[in-house]
Each structure stands twice: as C-alpha cells, then as structure tokens.
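Before any questions on how it binds or moves, here is one chain, the form predicted on its own, in structure tokens.
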Amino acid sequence: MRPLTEEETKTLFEKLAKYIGSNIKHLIDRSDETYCFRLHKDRVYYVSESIMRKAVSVGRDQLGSLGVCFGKMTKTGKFRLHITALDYLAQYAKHKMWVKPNGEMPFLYGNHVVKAHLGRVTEDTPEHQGVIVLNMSDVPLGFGVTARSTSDSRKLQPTDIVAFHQADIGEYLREEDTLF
C-alpha cells in the first residue's frame, strides 16, 4: 500500500472529473474525517486516514483490500473505474440519466442505453460526458458515457444509442472472481 504518484493522481482525478466534475473536492475535504487515495496491487482505494494507519501494521501479502476500491490502474498508466465506486459517483454526479423499467434489465446485462429506454436526463448534458444511470426510483444502476448531447438525443430514433455502457451493478455477479 502506497500513496499515488503525481501522474497517477492526475490520471485518477481526470477520470473522476468526467463524472463528478469539481465535486472531487468533497471526496477529500470531508467534515467527518480525512480521506485519501492509496494504491495496493494496482487497485486504487478510497480510505479514511485512521483505517490506513491501522493497515500499515499488516503485511502487503496479508492485506486483501482496505476502504472502497475505486478502480484499477492499467499497465499502460490509464485508470479504469470499477462499479464499487458507484455510491460515491452517484452522490456527487453532475449529470444523471434515468431509464424506464423496461430498460433496467438490458442495462444490467451489459447493454447500452437506447432512446426507447430513456426516461429522463439531466439538462444540458454534453456529448461524451460521464453519466450515472439510475432507475426511475433514483436507485443507481451503473455509469456510462453519453453518445449524444441532450438536445441531439431528442431527435434520435427509438433504437439509437444515447449512452454507452461502462459498468453496472450486475458486474458484482458477472465479474465476482476478478473484481477485488
């Protein structure tokens, strides 16, 4: 377990900024306790400093994980968000997309969001912007990237893709061997 390098921190914050924008400061500057990001076995963890201090006494081989896994650093230096970060992304997201009940299962099986399944979307969402996908009851289902802006998506056919799938809560079952 080690702190992120400056390059890794920059890569992480650029990816998080696609989804939560300037609300990144709320992840670090919390009123209850100080939190930080740590790297352990190519995974980036969001952990409170008190838990991190206690984890220092555990050996690297014995330490499985700590805090919330936000994602993985790839060998090429890129950062890939995991579904485990969904609770924090949904809490601070700038752009959200709600899917109708008939569109929940296709999204949870790993398919993109099509226009026919779109319930509503945050106004002025630009193209290729990170969005949190929720059901109509405001339960976060996953996240993705918009294929079209809000104004462009109104003119699309019902079978056209409005958001590309990135991750969904169905991954807890599909990827349970490799997720943690």
Partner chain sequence: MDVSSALEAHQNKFKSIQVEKLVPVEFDLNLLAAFDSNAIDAQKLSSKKEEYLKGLNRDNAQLLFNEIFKLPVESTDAGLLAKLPSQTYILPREKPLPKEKPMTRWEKFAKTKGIQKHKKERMVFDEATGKYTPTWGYAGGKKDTTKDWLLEVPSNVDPMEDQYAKKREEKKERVDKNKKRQKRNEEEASATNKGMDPRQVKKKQLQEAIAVTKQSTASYGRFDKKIEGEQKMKGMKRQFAPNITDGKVEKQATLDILNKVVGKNGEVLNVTKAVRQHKKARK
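Numbering follows the first chain given and starts at 1. What you see is a predicted model, and the numbers here were worked out from it, not measured in a lab.
One more form of this protein, predicted together with its partner chain, exists but is not displayed; see below.
- In the predicted bound form, its partner chain lies farther than 4.5 Å from every heavy atom of D160.
- In the predicted bound form, its partner chain sits within 4.5 Å of a heavy atom of E6.
- Taking the partner from the other structure, its partner chain in the predicted bound form has a heavy atom within 4.5 Å of a heavy atom of F13.
- R53 belongs to the set of residues with a heavy atom inside 4.5 Å of its partner chain in the predicted bound form.
- For the candidate spot formed by M105, N111 and R148, no residue has a non-hydrogen atom within 4.5 angstroms of its partner chain in the predicted bound form.
- Among D61, D32, D29, D138, the residue placing a heavy atom within 4.5 Å of its partner chain in the predicted bound form is D29.
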